Ligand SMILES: Nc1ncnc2c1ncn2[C@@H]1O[C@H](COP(=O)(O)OP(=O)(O)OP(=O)(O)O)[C@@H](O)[C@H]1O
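Taking the form predicted alone, here's one chain by itself in structure tokens.
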Amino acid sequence: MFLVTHPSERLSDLVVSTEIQERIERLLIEYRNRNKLQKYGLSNRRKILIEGRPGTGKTFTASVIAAELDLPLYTIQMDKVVTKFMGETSTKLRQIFDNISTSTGVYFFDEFDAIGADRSLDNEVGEARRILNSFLQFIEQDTSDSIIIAATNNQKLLDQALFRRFDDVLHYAMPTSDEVRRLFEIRLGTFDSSFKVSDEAVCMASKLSHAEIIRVCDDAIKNSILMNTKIDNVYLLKMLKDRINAYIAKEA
């Protein structure tokens, strides 16, 4: 039920708002000083809910936290957890939380609404209630050193009973112009330190998510390698237009 990785990304690679970065830094500081906090009867924050549109950095954040704390990242494969058989999902959730308590790491529940959806939105209300109640019970009883991160594309789908079980809730948005520029600088600057992204490219990229901008950068780097040319804004604009047009065609 787990995909186990050992990420190498760092906080400096994560492009988010100043507020989000400060809250992630606070989580890291508290975790590193958790024994000090325990002496005063306090616990570090370690149960985090991240909400935001696809591609805004939720999964990358889990990787960064794992790498910064030198912990393995356990990504829970929801398609292997949630089943149609009554009681089986709750049993698998128990197995996951048993692992959380015995193997310290960062545990990432992606597409969390598969478990935490508002019970009133599900036709199978009885089974949905049992699954959610099981999760609420497990997460409340958990006192391990592991970090639990749940991510959803739409917090409105989540049951309100969940929110008080998490130590922090992070809301991820589409990148601002400054964040877009930083993304280009981080991704393209490592390959060509002399490249300067144009204001036009930044403006156009503001319509895309973090992940989509990274893909555009990678396309520009690959083209530069294959064509044996330097990265330029003309090709970057072409890649941006292609990706934006693909979404326009899809919406049409």
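Start at 1 and count along the sequence shown; that's the residue number. As the structure is a prediction and not an experimental result, all values here were calculated from the model.
Beyond what is shown, the protein has a form predicted together with the ligand; the following relates to that form.
Participant: Ok, Lys196, Lys207, Arg26, Arg53: which has a heavy atom sitting within 4.5 Å of the ligand in the model of the complex?
Facilitator: Of the listed residues, the single hit is Arg53.
Participant: Of Leu183, Ala67, Ala201, Ile48, which one comes within 4.5 Å of the ligand in the model of the complex, counting heavy atoms only?
Facilitator: Result of the distance check: Leu183.
Participant: Just one of 35 to 43, 220 to 228, 56 to 64, 188 to 196 has residues with a heavy atom within 4.5 Å of the ligand in the model of the complex, so point it out.
Facilitator: The contacting stretch is 56 to 64.
Participant: Should Asn153 be counted as a contact of the ligand in the model of the complex, where contact means heavy atoms within 4.5 Å?
Facilitator: Although the ligand is absent here, Asn153 would touch it in the model of the complex, with heavy atoms inside 4.5 Å.
Participant: Does any part of Leu14 reach within 4.5 Å of the ligand in the model of the complex? Heavy atoms only, please.
Facilitator: Looking in the model of the complex, residue contacts with the ligand include Leu14, since a heavy atom lies within 4.5 Å.
Participant: Going by the ligand in the model of the complex, which residues of 208 to 233 come within 4.5 Å of it through any heavy atom?
Facilitator: Residues within 4.5 Å: His210, Ala211, Ile214.
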